[in-house]
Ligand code: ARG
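Given next, in structure tokens, is a single chain: the form predicted on its own.
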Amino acid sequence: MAKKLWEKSTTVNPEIERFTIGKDRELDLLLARYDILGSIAHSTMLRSIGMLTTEEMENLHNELRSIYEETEHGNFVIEEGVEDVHSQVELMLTRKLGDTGKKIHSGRSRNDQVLVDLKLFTRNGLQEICEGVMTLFGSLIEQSEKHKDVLMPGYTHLQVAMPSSFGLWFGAYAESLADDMLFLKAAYSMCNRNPLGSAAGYGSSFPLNRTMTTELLGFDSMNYNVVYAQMGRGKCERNVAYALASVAGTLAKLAFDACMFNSQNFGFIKLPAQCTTGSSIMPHKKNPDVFELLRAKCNRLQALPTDIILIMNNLPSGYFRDLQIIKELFLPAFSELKECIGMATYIVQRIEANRDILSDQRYDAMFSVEEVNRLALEGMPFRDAYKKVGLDIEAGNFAPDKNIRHTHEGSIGNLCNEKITELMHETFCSMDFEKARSAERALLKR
């Protein structure tokens, strides 16, 4: 069994070891590639301040890039008895390079290693989420434009209220995602700051060049205060979780609408047959299971910020092992939300809208406001017009005019989709994802 990095003469009780390691070995596989990127940057910096020779640095880089390739091909493992990804990488370097492998930990702690790993993981995860959101956004705008003249009922209190359209319905979720992208941008800006060099939270007596590692890793800036760099763990995850939860909230509401509108009692949309499931005893059933599961998963994701708060909210400054548990909640959230976005996009692109909803007389009364407004435009006081139309409805004399002529911004006749798209692209393009990707490619270049 491999010796712990911190182990001296005392051997830890196996049950204590199992409990304290928890799911780290499993979850740290998600962080492996980022730990290697951080180590390449850190060793480059160590060479610049004379703590490694050029030959030692190059040997370390060659081995680190080989290990990175193992992570890319799914061959990287954390061996039995090894605590975490940081220990595994250092163990592999030491086996190959002897004392040179042991030198790489100079000027850093596992605390700032996991911090930089989490920042890099989160940065990459947010980019993938943003790209997925953009694809879903594009599908919603496309459907909105395609169905801009197809009317449907709008509801308040789940009562038929006023005319709406599928253009408005699809477009509303597109604009919701545009707002969600603002949260994602804020989250990306917060996580894109370099904590490396904060060591255990109080800096180092080595003359570290933190500006160099910041540039090498493609961060926008650093977490300057070393105490805050450590204190920010948990806070960063919490705020990123709010951004993920914002997207999840949009998807959950869309899923609820889709399930309801797909039911026979509404019949507003038809989901693609290949995206529904059947019943074991009812041969007619086509269940919207994908949207139901998407709704449940996204509702659970909306609890993530609260879960994180309850773990880290009453901790003082400095590092505590409590923070390890956040990884169990936080790391898997990216793949789950990414999958939900992908599923939503696939089905949204294939939803069929009922173009003849309003032939059903039960929806006639929703045109009452149109008639009130028409009378008011002709000069009748609004309250008199309201009363007249109400009495006509009660007497069964109301004959709706279903020709809708809205013109104001954001209404049935003027969706403003081009403005919504402009807002979304402005936010998305303000995040310089290529800077981060270029920095990572440069570190891996042999």
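Given the structure is predicted, the values throughout are model-derived calculations rather than measurements. All residue numbers are counted from 1 along the displayed sequence.
Below, we turn to the form predicted in complex with the named molecule, even though it does not appear here.
Can you check 120-128, 323-331, 365-373, 73-81 and let me know which stretch has heavy atoms within 4.5 Å of the named molecule in the model of the complex?
Every other range fails; the passing one is 323-331.
With the partner absent here, would D24, H86 and V114 each sit within 4.5 Å of the named molecule in the model of the complex, counting heavy atoms only?
Yes.
Considering only heavy atoms, tell me if Y319 and the named molecule come within 4.5 Å of each other in the model of the complex.
Yes, Y319 is a contact residue.
May I ask you to state whether R193 is within 4.5 Å of the named molecule in the model of the complex, using heavy atom distances?
The answer is no: R193 has no heavy atom within 4.5 Å of the named molecule.
Wondering, does R233 line up within 4.5 Å of the named molecule in the model of the complex on heavy atoms?
Close contact exists here: in the model of the complex, R233 approaches the named molecule to within 4.5 Å, heavy atoms only.
Is R110 close to the named molecule in the model of the complex, meaning a heavy atom pair under 4.5 Å apart or at it?
Result yes; R110 sits at the interface with the named molecule in the model of the complex.
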